[in-house]
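Shown here is one chain on its own, the form predicted on its own, set out as structure tokens.
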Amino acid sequence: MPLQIVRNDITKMKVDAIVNAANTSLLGGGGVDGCIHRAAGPKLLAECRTLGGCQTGSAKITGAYDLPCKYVIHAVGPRWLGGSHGEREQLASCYRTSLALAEEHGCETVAFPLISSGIYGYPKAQALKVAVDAIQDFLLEHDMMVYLVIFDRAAYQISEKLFADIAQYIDDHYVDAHTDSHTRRLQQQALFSEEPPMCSSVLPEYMDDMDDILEFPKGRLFARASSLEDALAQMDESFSEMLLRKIDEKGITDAQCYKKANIDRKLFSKIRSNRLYKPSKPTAIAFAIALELPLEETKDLLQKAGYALSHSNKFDIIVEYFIRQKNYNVFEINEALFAFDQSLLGG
């Protein structure tokens, strides 16, 4: 996926360039800056001495020396002075300038720390919002793989209100997936029995659970086909066909769709060229988000890929929360999914 939030040590990222949260002297410091200089070795400092420093909101590029990347981009973020001294624009400029330098030097993969969120005091939730917005704007116009590297949980925060709202939504909707193993055995017997499938009304309250266990779309329990011709006759529009139809109906381009979905162009090409392509569940949901589909249409698109949303899956509940809120920003959804230790949308 073009933007991915990962928990890692940025000095160990095998990418084309890593971004250093530097100070204006570019001569090293504490936190991420110190870690990068120690890992790169003394030659990095020697090159930095030739650069004449760097202004806040800007960035300069050097070699990486002993690091496993090609370049280090030194970005100087603002100190937090209350938010009314141009901090947001300066921080956004760090990301824009860094990405422009990366593109200029032919980088296809870049890893950022959360700039200014350490000793410079920028509130972490706001720093994250600025980072994601700036990177998202860049990726809408350019092809690049960008990682936002979080070293530990304490360094990462979404807003307290959003976290609390999602946690409450999960509490209100979560169904324990393991409360009745006897019922589940009966459900599986019904699905795989030689007898014709039962009418859905026989299992009224358990249909959602069966979807989650077996990922059988609701209402799709077909009778056993008597021949290949009958089986083919039961096939209908595939995931790929429905996706392409929805893109046309929305009046957007393929590129607009896969970029909004946080999907790599190469993966989209595979889906377009193969009508029977089976995407992962996060990829299928990402396309539903990019198309801004309401909940029922999202379920329909997922069904074509063989998936369903379930209230016994926290990932599904969080996605449902954002759809019901009509928030279709895949990057903001991924921030929340990361905060709750869930898989991210995209592919």
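Start at 1 with the first residue shown and count on from there. All values derive from a computational prediction rather than experimental measurement.
Heads up, the form predicted together with a small molecule isn't pictured, but that's what we're talking about next.
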{"query": "4.5 Å heavy atom contact, residue 8 and the small molecule in the predicted bound form", "finding": "yes"}
{"query": "Distance check, residue 149 to the small molecule in the predicted bound form, heavy atom within 4.5 Å", "finding": "yes"}
{"query": "Contact label in the predicted bound form: residue 120 to the small molecule, heavy atom within 4.5 Å", "finding": "yes"}
{"query": "The small molecule contact at residue 33 in the predicted bound form, heavy atom, 4.5 Å", "finding": "yes"}
{"query": "Single option in 130, 99, 115, 73 placed near the small molecule in the predicted bound form, where near means a heavy atom within 4.5 Å", "finding": "115"}
{"query": "The single option of 88, 124, 246, 260 touching the small molecule in the predicted bound form, heavy atom within 4.5 Å", "finding": "124"}
{"query": "Interface segment, criterion being heavy atoms within 4.5 Å of the small molecule in the predicted bound form, picked from 44 to 52, 59 to 67, 23 to 31, 294 to 302", "finding": "23 to 31"}
